[in-house]
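Okay, here we've got a single chain as structure tokens, the form predicted alone, with questions on binding and movement later.
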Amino acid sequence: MKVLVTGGAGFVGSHLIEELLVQGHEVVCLDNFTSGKRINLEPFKEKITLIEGDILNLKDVQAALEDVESVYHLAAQISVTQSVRNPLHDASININGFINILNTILESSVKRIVYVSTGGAIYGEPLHIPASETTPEEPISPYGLSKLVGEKYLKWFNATHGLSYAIIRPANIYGPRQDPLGEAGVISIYLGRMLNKKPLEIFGDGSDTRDYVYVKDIAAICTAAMASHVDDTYNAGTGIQTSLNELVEIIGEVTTLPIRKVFKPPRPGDVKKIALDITKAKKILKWTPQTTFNTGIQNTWDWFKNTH
């Protein structure tokens, strides 16, 4: 099958492309390299069709969708902090860019789309944890809001035009290739700072929790969702809360390096506590995360040491 991965040069997108190639698919990658990196595509660049372009540019999207049967949409503005700082920029990419994809799909041979949304930001501060797909969506950041609006548009395109879809709401994704200098991905940021012997910045008192899921497990649920042909929404996490203080301890154990911590005020838009209920994904997609947290951290640390 010929498939398109938008944002394919990114951290998650490149791992998804790897998985799709293993499964024997013909892959087209659309990326403008604003946050994606060419080096992420290096191991398999001869096996894919790369279109350097923008999801906001109609001609780029039309070229990327030529003869494509399925789309994985990962291209996005992913920083909560940046979305708070510049909500218009966030919306232009996450809403307008996605609508451009959806409109163009109607003129193509695409039968189904998998949309990678967010589980870490879409529920806001849920009353019950782990949050399920029926938990009210109450995002407290423009990023969470823009991803939710994208979901609503996708469901409208399904109801109006019959576009088949699956929505993936991932928890906090981590793993090799994540940018340690970005504003998203605390594990990569911390490991990068450990490598450079810099202190770890903790926003708040360290009690905030996240549900951390390994990147290859996210690639696996994306392909499972595409293959299922069921139009639905799925959380993708572990269901386990890990506090920042606990994360720092684990990083210390894995790296065996001394840790220095710097506490800073909480950041606007960051949720206090979150973890995701993955019962639906287990039941319908037969998916469960395969990578334990310590193993995932070790794999990521090994990658950092070998590449930085």
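The structure displayed is predicted, hence computed values, not measured ones. All residue numbers refer to positions in the sequence shown, first residue = 1.
Keep in mind the form predicted in complex with a small molecule is missing from the figure; the text below concerns it.
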Next on the checklist: Under a 4.5 angstroms heavy atom criterion, identify the one residue in S188, S141, S117, T238 near the small molecule in the predicted complex.
Outcome noted: S117
Checklist entry - From the list T255, N32, T242, S70, which entry has a heavy atom within 4.5 Å of the small molecule in the predicted complex? => result N32
Next on the checklist: Within 4.5 Å, heavy atoms only, one stretch in 122-130, 159-167, 225-233, 70-78 touches the small molecule in the predicted complex. Which?
Outcome noted: 70-78
Next on the checklist: At 4.5 Å between heavy atoms, is I99 in contact with the small molecule in the predicted complex?
Outcome noted: no
Next on the checklist: Under a 4.5 Å heavy atom criterion, is P289 part of the interface with the small molecule in the predicted complex?
Outcome noted: no
Checklist entry - So, in the predicted complex, is G296 in contact with the small molecule at a 4.5 angstroms heavy atom limit? => result no
Checklist entry - Contact between I93 and the small molecule in the predicted complex at 4.5 Å, heavy atoms? => result yes
